[in-house]
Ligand code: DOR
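Shown here is one chain on its own, the form predicted alone, set out as C-alpha cells.
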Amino acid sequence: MLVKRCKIINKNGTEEIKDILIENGFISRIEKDIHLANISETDIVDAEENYVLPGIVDVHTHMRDPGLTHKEDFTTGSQACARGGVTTFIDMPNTVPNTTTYELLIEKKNKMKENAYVDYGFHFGGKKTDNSDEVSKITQICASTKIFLNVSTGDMLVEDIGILERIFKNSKIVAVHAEGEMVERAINLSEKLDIPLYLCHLSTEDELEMLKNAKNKGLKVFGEVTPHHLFLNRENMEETDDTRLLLRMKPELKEKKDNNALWNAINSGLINSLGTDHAPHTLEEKMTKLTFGIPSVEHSLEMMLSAVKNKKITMLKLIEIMCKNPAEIFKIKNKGDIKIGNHGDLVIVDINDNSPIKNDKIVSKSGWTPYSSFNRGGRVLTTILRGNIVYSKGEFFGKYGKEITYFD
C-alpha cells in the first residue's frame, strides 16, 4: 500500500507532507513523492494532506468477552477501536471467568483468533488466593499482571501483603487499579521489589503527587489518565437525572481542579499515557441499577483532538501519550510510531470536522457514548492496520487483527 500526501508530525513537532509505503505489513519508505511503476490504483490511498497519525495504542480496555458479551464482544469492541483510530488494544482480565490461570488465558487467546478488526493483546489477572506460580508462566505472552487493590469482580481484589509481594516478584510489569492511599501502597511494593509499575486511571491531584515523588526517586513507575477524567467531572453528573447514573465509573469523576491537574501533568511529562478504560454497559443496565463503567474507545482520539484544537496539548504530545509511550512501556513490537520497520498502522483524520458526537451510529454494542454533548476535534476518516484498510468513512473491511508480540 502507498499512502500519498500524508501530513505527518516530526519528532520536533514540525509538519511535513510525505508519502508512506507499506510493504508486507511494514513501513518501508517515508519520502516525498514516492512513485512506483507497478502499483495498482487499488493499493494507493490519498490522504489529501490530512493529518496521518500512528495507529492509537489503547492498553486499557474491557471487551467483556468471554462471559459478558451482551455488553460488548471481541468483534464489536475491535470495530469500535477501528472506528476510533485505535489499531492496537489490550484487554483486561476481569472477564467471566477471570483470566487468572494459564489455561484460561490460552482458552481466551484461542477464542479471539480471527475475530478482531485490529491488533490486540491481553493482561493477566492477579488472584486473592495467590496465583503467583501462574503469573510466572505468562510473562512473555501477556502485557502485564493486572492487580486490583481497591475493587474488582470475582476473586481479583488482592489485599494480603504476602500474596501481593509474590505476584509482584513473578511479574515483568504490574498494572494496578489503585485509588488514594492504595497508589502509595503499589509504589512502595514496586520500589521494594524493583518491579516496573503502571498506575491505571489516576484521577486526583494527590495521586499525581505520589507519582511525582516516585519518579523523583528514579523508580520505574508510569502514570495513565483516561479521557473521562480529563473532560468530565462531578458537575457533569449533576446536569440531569440520567447523567447521575450514566457517568458512574471507578475511579469516580472528581473536581475541576483535578481535571486541570491532570492536563498539567500530561504537559509536564508526569503522565505517560492515555488509556480509555473502555468498560461498556448497555443503556438499560446503566439506567436501572448502579453500574460502574463507560464506553470510550470509539471517541477517545476525536476528543483528544479537541484538546489539540483548544491548545490544551500539542499534536506531538497526543502522539506521545496515545501511541508512542504505551507501546514502549509494555514493550509492544513494531507499534506506536510512524517509522521504517514498524507496522503500517495509520489513522487519517480530518481536523476540520468539528461536528457533534451523537449516540446514533455508535459501533460499540453498548449503543451510547458519554461524550454525546461534545463536538469532536476531528473525525477519523480511515484506519489502516499493517497496510490493510480496516475502516473508512463508515465502512468496515475485514478482521485483520492479530495478537501482538513483545520485546524481551
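What you see is a predicted model, and the numbers here were worked out from it, not measured in a lab. In case it trips you up, residue 1 is the first one in the sequence shown, and so on.
The discussion below concerns the form predicted in complex with the ligand, not included here.
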message = Only one of R83, H281, K335, H123 gets a heavy atom within 4.5 Å of the ligand in the model of the complex. Which one?
response = H281
ask   = Taking the ligand in the model of the complex as the reference, which of T153, N213, N115, N264 has a non-hydrogen atom within 4.5 Å?
value = T153
key: Location of the ligand contact in the model of the complex, chosen stretch of 231 to 239, 72 to 80, 308 to 316, 145 to 153 [non-hydrogen atom, 4.5 Å]   = 145 to 153
task = Find out whether any non-hydrogen atom of T226 is located within 4.5 angstroms of the ligand in the model of the complex, and reply yes or no.
result = no
request  = Please check if N94 has a heavy atom lying within 4.5 Å of any heavy atom of the ligand in the model of the complex.
outcome  = yes
ask   = Is there a heavy atom of H177 lying 4.5 Å or less from a heavy atom of the ligand in the model of the complex?
value = yes
key: Interface membership of K111, the ligand in the model of the complex, 4.5 Å heavy atom rule   = no
inquiry  = Can you list, in sequence order, the residues from 271 to 297 that come within 4.5 Å of the ligand in the model of the complex, counting heavy atoms only?
reply    = D277, A279, H281, F292, G293
